[in-house]
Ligand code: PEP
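Take a look at this single chain in structure tokens; it is the form predicted alone.
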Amino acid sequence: MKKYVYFFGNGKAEGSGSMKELLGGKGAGLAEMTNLGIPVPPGFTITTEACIEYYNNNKQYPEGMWEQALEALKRLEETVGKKFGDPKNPLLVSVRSGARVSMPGMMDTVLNLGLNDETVKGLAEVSNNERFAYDSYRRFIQMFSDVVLGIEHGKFERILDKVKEEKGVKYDTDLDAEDFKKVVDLYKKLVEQELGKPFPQDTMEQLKLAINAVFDSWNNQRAITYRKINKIPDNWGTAVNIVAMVFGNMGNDSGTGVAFTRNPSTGEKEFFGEFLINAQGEDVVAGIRTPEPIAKLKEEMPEVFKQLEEVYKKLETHYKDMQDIEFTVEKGKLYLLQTRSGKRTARAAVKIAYDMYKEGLIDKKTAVLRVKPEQVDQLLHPMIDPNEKYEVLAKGLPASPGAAVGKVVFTAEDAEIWAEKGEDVILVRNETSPEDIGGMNAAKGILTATGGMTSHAAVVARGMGKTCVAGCGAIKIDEEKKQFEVDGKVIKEGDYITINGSTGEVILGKVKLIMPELSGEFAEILKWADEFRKLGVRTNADTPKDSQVARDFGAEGIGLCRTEHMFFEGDRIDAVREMILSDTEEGRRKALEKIKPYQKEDFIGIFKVMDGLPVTIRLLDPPLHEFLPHTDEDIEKVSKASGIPADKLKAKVEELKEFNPMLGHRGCRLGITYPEVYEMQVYAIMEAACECKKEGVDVKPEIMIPLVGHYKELAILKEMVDRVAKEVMESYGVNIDYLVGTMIELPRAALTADEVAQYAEFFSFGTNDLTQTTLGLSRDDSGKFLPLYVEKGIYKEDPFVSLDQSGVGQLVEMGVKKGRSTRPELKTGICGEHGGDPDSIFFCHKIGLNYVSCSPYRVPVARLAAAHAALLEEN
């Protein structure tokens, strides 16, 4: 029979740290710590396979699982010398989820399970602490009712607040045994009122219901949202960990904490964390009470702290990575409840990887693999301009770095709705809960009034790369009025604030942000990445300024310079419109002569910045109507400015109107019908190149013809390019090495790539348009329904964000193979948005492209992703 349950205890575990897929991260960590001789309360893990079977089996346990669990429970009773459900000496357990990758707070946990009206008396007797027993019972009823019975935990909180209010105290720790008995009675009444039946007293029924609830929580809304954001497969399932309870709420010699072996925000090599005296684990992560920094534990419990230090160092050396640990102290005795690789900001990931390499803990390849390409964006997060003057409203904890500006909203739903309308928002909450995951993802930043550096908001924000300020106690939030108050100032929904996740400052109004630069350790890690990657990384840039930014970030050339962007600048647009409105070739040429000097000047600027590197310049691509005014008001304005009669403008707009301009008169079709337009651009490119070369600049122009569908289009236009280039080079007496290639953005071009390659010296796959034309999806209109397609799993991800590998990807792969069958040395790259997406970059590496091209700020992401692709292929 299949083994579904793995036991650990007495210094020996049936599982190990390498069994994450089966035991989940938490179960594998508990097994490994047990085997390492670290003090862990005994227990057993029900595997992820059992969860998958449970779902496949119409929510019934797989055969043998329950019997194996009962057997393990018996072993657990023998190990701890207590009996589950025994009114005299009861064993209590925690029931916790554990996916194979960390999903903090997304799934469910039940603590103190096994308590009922009888066992609570036994617990009071055995512990000689009635207050502790009834505190544990009220916690169990609240947690079980919330997680398993579906009664909103806020209803219990309100009862507890009322009891504290009546007694005139602020904290739960100020209540005594009699108060908690009263709370328990009120809680039980609430359950009966809500469900029409009493709170379950049968401990076996409690256990079964809790296991089901953990399995079911794999598919709760917040877990689904988290998986989607973090690209975690839906079919992994969660393990269930059933562990003997150890109690941090037994008095002032007990407590609980969460800690990291290094600082998860900065990466500094310091023990970093928080703890609460006389509390249970949920109190720390839920942000209900604001905890003490871990350093204070040294004063309160020096022996425990010393032991904890030994344990954390042992764990970090063993795992060779920064660990996130949970611990409980029961009457002065330390227990570890969890260890896992800690979630960290990108800045911390870089520092930890760099330091661990320097310390000899890991090698260079591992260091590069430790920094996730998706995270790198965070390092390029905006920061507050140091020259700005601003008013600080309040200060909280710097929970996740960077700075964010946005309008205040008070619910996760509002954050999603506002963000969808294009608003930048800051989500302000007393404390976020796992249900807020969608709103946290949509917001630019998160601000909470309670909670510490290890609260839900802090951990999740760091993992997402969102700016977060936590535990800002000075702000008083009124959710009903949708406002918060600080020192008499009222900030309403929709008002702007700025938060600085690196200092904890909450600032009134909008503050100017600036982009950071690559430096120190990160630049070093990117250099290591460059040693391993095989893919080149270029940038999409249309101005000297963007080109410089990209070059500073390590771009190896320009993969896409869009010439049409240059047409919209200043006075040029007037000459462009004059050209479009002209009915004769002569008139068009006259107008184009006015544009040429501008184009040439642009190219000179870019060539100088990119000295020694290739620059791929795409000739005019969009349909001409894009350059004309469309509303009556704009037509009038342009008519006045240009002296062109309004009716003539209107008639031309009508004439150029197309039902489907994306598939209309654009790209090389313009070059075929109006060769003078492309001629002017080639003159500008080649004259700029010749002038630069004369000044000693090493120019490498690559002229790209867009939207080719038939090799004959390219044959005609290449002949024109070569003719103009020859003429210009002869007139300057200079020789330029230039290439002529095409952008593959139509399925026909990919299907006939062997024919196209007769005339193309390079292919650049324009995957934005290739996605549109292959999937028959308009990028601009599909936003209305694409999210639903992703939700229903039709597409794994938005195909405009991450390349549709089995559809569009096949065309790219075919294009490369067919093109190289004609021209073996054919240079290939992609220049759509996908060039900066790590998953798409992995695919580009796999099919043997020469380079990817992406926006300037994605260049570091692409460099790292290309290295990961090469390194993971080796493993």
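Please read these numbers as outputs of a predicted model, since none were measured by experiment. In this text, residue numbers run from 1 along the sequence as written.
One more form of this protein, predicted in complex with this ligand, exists but is not displayed; see below.
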item: Complete contact of Glu14, Arg100 and Ala239 with this ligand in the model of the complex (any heavy atom, 4.5 Å); value: no
item: Options 711-719, 159-167, 687-695, 613-621; stretch whose heavy atom lies within 4.5 Å of this ligand in the model of the complex; value: 613-621
item: Answer option from Arg748, Arg222, His625, Arg562, heavy atom within 4.5 Å of this ligand in the model of the complex; value: Arg562
item: Heavy atom within 4.5 Å of this ligand in the model of the complex - residue from Thr767, Thr345, Thr256, Thr432; value: Thr767
item: Exercise: Gly832 in contact with this ligand in the model of the complex, heavy atom 4.5 Å; value: yes
item: Proximity of Val699 to this ligand in the model of the complex, heavy atoms at 4.5 Å; value: no
item: Contact flag, Ala760 vs this ligand in the model of the complex, heavy atom cut 4.5 Å; value: no
item: Non-hydrogen atom contact Met743 with this ligand in the model of the complex at 4.5 angstroms; value: yes
item: Sequence-ordered list of residues in 653-669 near this ligand in the model of the complex, where near means a heavy atom within 4.5 Å; value: Arg666
